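Coming up is one lone chain in structure tokens, specifically the form predicted alone.
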Amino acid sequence: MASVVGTFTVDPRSRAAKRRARGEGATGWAFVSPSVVIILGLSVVPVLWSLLLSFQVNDLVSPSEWVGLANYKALVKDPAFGSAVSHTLIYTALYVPLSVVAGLGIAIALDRKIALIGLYRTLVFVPFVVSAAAQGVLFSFVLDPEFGVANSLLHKLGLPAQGFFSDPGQALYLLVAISLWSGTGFCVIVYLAGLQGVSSDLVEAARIDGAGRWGVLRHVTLPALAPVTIFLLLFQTINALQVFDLVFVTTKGGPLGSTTVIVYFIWEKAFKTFTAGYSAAAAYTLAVALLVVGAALQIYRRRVAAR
């Protein structure tokens, strides 16, 4: 029987259903609360704490002192930070387009049915799953100026020995080459997946209209792969701007600071000179740059999709 309160009729079954729903909600939150606490403790809280730290002078030991925007103003005038930004931009400008273009070319070459095609695709992708630390150790041995395989081979060919990682003019470009060796495989796999979505009807129609291989690529394949390309540009740019572990293992920012990139600069200021506030300011400068790059590519992606 329904009970009447004033002019409203309340169904007991409805009240029971609401209590049951609240109980289920409380049970759900009880299960996910440990994960929520971990996420807040390991991500949100450190982000907020480092933001506050960027406005302070802090050596991780003594009491901090609030200095406002002084750390950010010092970054603008710091030639070491400017050099790190320059090295990072050079690395990014070389690595991103080369990895994407090479990935597209290799993916198109592997997008066919031939013997052992699965093996070829696997061999291309394997370097990507090798950690940057392992890559750094491997190439440090191969490119060692005195005992490395590379100089030994050059000697047998009658060519002069190279400094490699000990040469300021070569070290940064070698890091780009190593990154291409490992990072191109990811672009290949993503492009191969994207090529499966290219309409065979459009390709056939273009060929009937007289388009050659280049014409099909330019007018059918590339436009169909535009969303994939934008994703790869964003992904590779973020990875390039955040490069650290390969630098740390191989050159440690040297020689003569020629491979000091932004993230290595941040680490160095935080854990070698113990200027944590200054380091946090540099980290947030990088974060803003990443947000700008991500927003620009997302806007471009939406414009391409709207056409």
Partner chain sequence: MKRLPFSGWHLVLAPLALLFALPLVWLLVSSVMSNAEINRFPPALWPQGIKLDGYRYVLGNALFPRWFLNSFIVSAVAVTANLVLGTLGGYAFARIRFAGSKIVLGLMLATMVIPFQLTMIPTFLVMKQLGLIDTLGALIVPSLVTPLSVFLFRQFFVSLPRELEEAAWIDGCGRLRILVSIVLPLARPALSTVAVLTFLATWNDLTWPLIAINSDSTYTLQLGLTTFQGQHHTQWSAVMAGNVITVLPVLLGFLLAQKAFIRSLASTGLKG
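Definition used throughout: the rigid core is the maximal C-alpha set that superposes within 1.5 Å between two forms. Numbering follows the first chain given and starts at 1. What you see is a predicted model, and the numbers here were worked out from it, not measured in a lab.
Quick note: we don't show the form predicted in complex with the partner chain, though the next part is all about it.
Asks: Would Val76 show up as a contact with the partner chain in the model of the complex if we use heavy atoms at 4.5 Å?
Replies: Heavy-atom contact with the partner chain at 4.5 Å: absent for Val76.
Asks: Even though the partner chain is not shown here, does Ala70 get within 4.5 Å of it in the model of the complex, heavy atoms only?
Replies: Ala70: no, not in contact with the partner chain in the model of the complex.
Asks: So in the model of the complex, does any heavy atom of Gly257 sit within 4.5 Å of the partner chain?
Replies: No, no contact at 4.5 Å.
Asks: Would you please decide whether Gln242 lies within 4.5 angstroms of the partner chain in the model of the complex, comparing each non-hydrogen atom pair?
Replies: Yes, Gln242 lies within 4.5 Å of the partner chain in the model of the complex.
Asks: Given that the partner is absent here, state which listed stretch (168 to 176, 215 to 223, 89 to 97, 122 to 130) has heavy atoms within 4.5 Å of the partner chain in the model of the complex.
Replies: Single hit among the candidates: 122 to 130.
Asks: Which listed residue (Val190, Val85, Leu233, Val198) meets the criterion of a heavy atom within 4.5 Å of the partner chain in the model of the complex?
Replies: Among Val190, Val85, Leu233, Val198, a heavy atom within 4.5 Å of the partner chain in the model of the complex occurs only for Val190.
Asks: Could you spot which one of Val101, Ala80, Leu153, Ala205 gets a heavy atom to within 4.5 Å of the partner chain in the model of the complex?
Replies: That would be Leu153.
Asks: Scan 236 to 271 and note down the residues that get a heavy atom within 4.5 Å of the partner chain in the model of the complex; none is a fine answer too.
Replies: Contacting residues: Gln242, Phe244, Asp245, Phe248, Val249, Val263, Ile266, Trp267, Ala270, Phe271.
Asks: Note yes or no: does the Cα of Val37 move by 2 Å or more between the shown form and the other one after the core is superposed?
Replies: Yes.
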